[in-house]
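Read the single chain below, which is given as structure tokens and is the form predicted alone.
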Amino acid sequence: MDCLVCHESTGTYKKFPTGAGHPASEPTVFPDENKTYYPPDWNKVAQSVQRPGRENCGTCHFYGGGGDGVKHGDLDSSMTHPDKHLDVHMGKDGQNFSCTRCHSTSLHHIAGRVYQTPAVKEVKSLIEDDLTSKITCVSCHSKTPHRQNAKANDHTDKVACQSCHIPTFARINPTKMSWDWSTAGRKKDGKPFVDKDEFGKPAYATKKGDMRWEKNVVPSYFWYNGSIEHLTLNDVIDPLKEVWISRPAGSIDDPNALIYPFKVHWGKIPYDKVNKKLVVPHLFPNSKTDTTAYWKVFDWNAAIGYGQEYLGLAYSGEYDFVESLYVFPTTHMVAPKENVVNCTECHIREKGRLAALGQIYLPGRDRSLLFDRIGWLAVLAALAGVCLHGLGRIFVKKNREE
């Protein structure tokens, strides 16, 4: 990144895809896109400098992972000019916030939800100070954002606001939910090809394998204290189980943890069968004579061998594919209050939003014979008390009349 990525406003400042972060110095064709990249008009872009707009932020955050909505389910190009039904904060007909309204900076240190560990510790409210370095919903809305005595206020100690106020993500554009690298390499008539799905997104590509895109995705929910645990290339994995490349940290016993919504991405990726570690394949050819890049020769063994050697990591020469998962916190696409998650979507016996969330007793979802009996006894006792009270009043009234 450089200053112009965030601060130019012409929209013409483009980096060459394989230019190591540099724009083209002369008109250059990028074969994969069959597109010509031109040198920037330096005077024009330099004179357009301003505070970052949504387009600046979206250049990376909407298109991370190689395309629109690939990584984040709640950040894609639909958030450039959303209406309030997509996001009440950024909607043009709503609050019309820019990204920098919440993600404020101090000496270019950008405030965010997960930039501190844990992010929610010692939160300073924006109500008290408009230059906090940690942003959560309570920074603006406080811990009692609903009307007085509303039951929803009782949830804020254990449930993140996003869990109720973001019913689904990817509501306009689809987001990639799975990516199976093990199927890559198939060709048609000896040539790489791409098949697209109903959204116009790649469902299969010779270079990347099978992919699945979805819209209006219901988040997955985890206990989350603001930290994400990450797997490293030195960690030994169990290939018989799904490998969590990243997962939320936190539990019900963690005072900083809340029930929080996430996008969970499923994948199938290569690993070293002998060393039982994830590997880094060499994908993009670095020259016309490159004989190890997967996207040129479609040889996983050669690509993995080169990638591991380049990083100084061991490789046994034997590979296979393992199922993997990783997470993205969901905090944008906040819906209007009339579209929030209904109580019964969580407090339901089967197939509720929190069906997979453990460590808690959830009324409506969970059952306890002892609690059920105590509850019914309480109901019967209350009913008996009302009946006895009513009979008593009738008896007393009758005696007075006599």
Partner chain sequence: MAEGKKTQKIYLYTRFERFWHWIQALMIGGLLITGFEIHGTYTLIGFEKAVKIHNYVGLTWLIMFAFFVFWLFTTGEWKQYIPTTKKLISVIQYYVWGIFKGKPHPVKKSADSKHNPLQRLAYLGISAVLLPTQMATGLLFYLYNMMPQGFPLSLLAILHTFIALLLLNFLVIHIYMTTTGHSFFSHITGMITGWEEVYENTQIEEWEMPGKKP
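Since we're looking at a predicted model, the values are computed, not measured. Residue numbers count along the first chain shown, from 1.
Another form exists, predicted together with its partner chain; not displayed. Remarks below refer to it.
Candidate site formed by Asp253, Gly375 and Leu383: every one of these residues places a non-hydrogen atom within 4.5 angstroms of its partner chain in the predicted bound form. Here the chain stands alone, but in the predicted bound form its contact with its partner chain, taken as any heavy atom within 4.5 Å, falls in 355-363 among 43-51, 355-363, 60-68, 27-35. Contact with its partner chain in the predicted bound form, defined as a heavy atom within 4.5 Å, holds for exactly one of Asp157, Asp320, Asp197, Asp83, namely Asp157. For Cys3, no non-hydrogen atom is located within 4.5 Å of its partner chain in the predicted bound form, even though that partner is not displayed.
Proximity of Lys337 to its partner chain in the predicted bound form falls outside the 4.5 Å heavy atom cutoff.
Under a 4.5 angstroms non-hydrogen atom cutoff, its partner chain in the predicted bound form has His389 among its neighbouring residues.
In the predicted bound form, at least one heavy atom of Arg393 sits within 4.5 Å of a heavy atom of its partner chain. Contact annotation for 213-227: no residue has a non-hydrogen atom within 4.5 angstroms of its partner chain in the predicted bound form. Note: the CA-CA distance for Leu362 and Ala382 expands in the predicted bound form relative to this form, by 3 angstroms or more.
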